[in-house]
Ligand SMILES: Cc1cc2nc3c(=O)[nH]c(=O)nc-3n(C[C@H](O)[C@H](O)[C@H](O)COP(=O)(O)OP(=O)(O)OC[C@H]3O[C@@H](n4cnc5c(N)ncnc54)[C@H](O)[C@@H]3O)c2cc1C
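The chain below stands alone and is given as structure tokens, in the form predicted on its own.
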């Protein structure tokens, strides 16, 4: 760190959509000095799943800034206007942008920020008694009073896998190898699994491979998207969830798969329609297995043998496949660079960040904040893109001691928990 280097009020590590949104909201604030470090040389969001027709599962209003500041120059509508596509979007009459459009939008926003430092992979975070010192692999260092961790999640592998199996995060990069295989098996329950299966199904007639989709879920269930259910993506539901004991929170989460891990009904219907068309014109070499979990995957040099267990029958079996795609989701990770300041951070009994209502995870409650690493404390909305603007508004309010962007406290018609007025003793 060079002499006279500034001490920032806020330093963000990682630049996915959530920290990018924070940078966009921080940019116009005169009383906040912020900087954001990103290991990559430019913005890229899930490049392995940029399928041509894939759309977001949230409306365009869940962009980087709009739900905090609809007047921001970093809004999705401002992006469309700038690139000359606002009227086509209006005529399209769909709230759901293509995934490629969203990636382009984020890149557009990132390129307009002066506070981002690209190619700076953080290797250590220390504390000098007054502020955090953040060091990168380039040898540079920065000093800041507060940190926001936006390092993202890592592909989750529910069982040990050897050989050339791939996670859906790398699907497009390795798709040519899949098309050359004699058989391909997709494992997973959610939108990514459905999109990979649908994409391979579209290629199957030309390339001739056998195709199998295995899901542990009891059915290929759609994302629950009714309006009263959507009210759960609200500040008051998140507050209610935080008030529950840890064990009860985990129990509640287990029953909420359809709220965050389901498949869009349009994707499900499109898959069925394609299967029906194939059946009517000569058949299709595909197998769909529900309520079936893969307990092991063994690679012998030419293919995989998958051990299967049917969760309802409690029966077992094996499946032979030449290629394997694991669309098994993502999990938060604790960055190794936090080790020098580990004692300043609050952890739960499972070694996870213990986040406060303001998303702080340090003992002081106003120094280290997390983005999308608090699902176990704040609920299924943590990875929702629509959560980003509200979470960033809360973080900025905690940092500045004022609300530069109004934080809605109540938006839902329904109540969670028994209201206090019903707890009062009824008159005799």
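Small disclaimer: the values here were computed from a predicted structure and weren't measured. Positions refer to the first chain, counted from 1.
What follows is about the form predicted together with the named molecule, which we do not show.
Though the partner is left out of this view, residue 153 does reach within 4.5 Å of the named molecule in the predicted bound form, counting heavy atoms only. Among heavy atoms of residue 45, some come within 4.5 Å of the named molecule in the predicted bound form. At a distance threshold of 4.5 angstroms between non-hydrogen atoms, residue 22 is out of contact with the named molecule in the predicted bound form. Taking non-hydrogen atoms only, residue 350 never approaches the named molecule to within 4.5 angstroms in the predicted bound form. Proximity of 190, 214 and 319 to the named molecule in the predicted bound form is absent: no residue of the three has a non-hydrogen atom within 4.5 angstroms.
Checking 278, 99, 344, 107 for any heavy atom within 4.5 Å of the named molecule in the predicted bound form turns up a single hit: 99. In terms of contact with the named molecule in the predicted bound form, the residue from 61, 397, 49, 32 that brings a heavy atom within 4.5 Å is 49. Comparing 66 to 74, 398 to 406, 358 to 366, 32 to 40 against the named molecule in the predicted bound form, the single stretch with non-hydrogen atoms within 4.5 angstroms of it is 32 to 40. Of the residues in 107 to 128, those that come within 4.5 Å of the named molecule in the predicted bound form through at least one heavy atom are, in sequence order, 120, 121, 122.
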